[in-house]
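As structure tokens, one chain now follows by itself in the form predicted on its own.
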Amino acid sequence: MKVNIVSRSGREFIKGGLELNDSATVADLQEAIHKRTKKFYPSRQRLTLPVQPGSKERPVVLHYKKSLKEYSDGNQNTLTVVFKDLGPQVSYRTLFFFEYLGPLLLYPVFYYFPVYQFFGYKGERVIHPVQTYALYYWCFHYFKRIMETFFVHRFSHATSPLSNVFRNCAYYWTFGSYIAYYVNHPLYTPVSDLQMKIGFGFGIVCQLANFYCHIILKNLRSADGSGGYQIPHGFLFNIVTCANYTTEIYQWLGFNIATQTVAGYVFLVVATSIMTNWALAKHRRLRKLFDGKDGRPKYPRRWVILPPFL
């Protein structure tokens, strides 16, 4: 089979195209492109079928496991695909590791080291119990996230653009430092003992619930990340589409009840806004995929992310 590779502008990307076996898969094509170009390794490639000029339809993305014949549309000898460079890529595990490592390492700096001397505070610093418990809570959360990244999560996409590492690290590392600065501040005023216990107690329950939600999501995919979109069932997923986001939001609510800083609530609002947008997109996608037509199951009626009760 001959495969012609063109750019999105229609120009020939690999002169003369490529000759592949009739049984070749999209993954074989990606490897062949890599051998010819060197720079464009498979995870950096996005291959689609051509669309008619002026068409508003989204192009069909070639799945790496499928045979090229499945996309040939009756022509078994020639196939034209459109190549797009996705730019430098990193694995999702690498991305998540670095974005979570920053808050895990930066927060203890504000607790253990005399950094506030550089901000003009020369007096003796008194560490309140809530500040110590907040350190344990914070470090447990981000250590848990890193462990889930390597041992729980299964990713449908192998890689992410390298630029996301800098963007995500800027978000997590900045907010981590921002919150740590105020929670560990020498002038910090602790909440009541009862409020602290309620906040951390509720937050820990939500962290454990969040971990269980991730286990449920893990079981929807095979070890290689395949499995496509499925309807999650069980536990809080019977109530909300994105129970993992719900428990993530509530665990930070618990942290803020216990520590009560403006910085913490700013982070909560921003994080809730981001996760709500993700949840709305996923909810719409699942409702569209599982519409009850042509033998497909119908997506059950659920809240998107936050039910009207805790």
Partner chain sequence: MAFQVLFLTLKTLKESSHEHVYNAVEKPLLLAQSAAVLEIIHGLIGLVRSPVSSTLPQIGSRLYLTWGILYSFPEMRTHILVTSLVISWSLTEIIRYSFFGLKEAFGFAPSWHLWLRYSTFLVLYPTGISSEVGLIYFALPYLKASEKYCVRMPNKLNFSFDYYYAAIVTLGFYVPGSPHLYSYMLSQRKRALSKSKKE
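Note that this is a predicted model, so its numbers are computed, not measured. Positions refer to the first chain, counted from 1.
Not pictured, yet referred to below: the form predicted together with its partner chain.
Visitor: Using a 4.5 Å heavy atom cut-off, which stretch among 186-194, 201-209, 94-102, 107-115 contacts its partner chain in the predicted bound form?
Guide: Among the candidates, contact is made by 186-194.
Visitor: Since exactly one of 48, 30, 260, 251 fits, which has a heavy atom within 4.5 Å of its partner chain in the predicted bound form?
Guide: Comparing distances to its partner chain in the predicted bound form, the residue within 4.5 Å is 260.
Visitor: Quick one: of 182, 140, 235, 229, which gets a non-hydrogen atom within 4.5 angstroms of its partner chain in the predicted bound form?
Guide: Only one option qualifies, and that one is 182.
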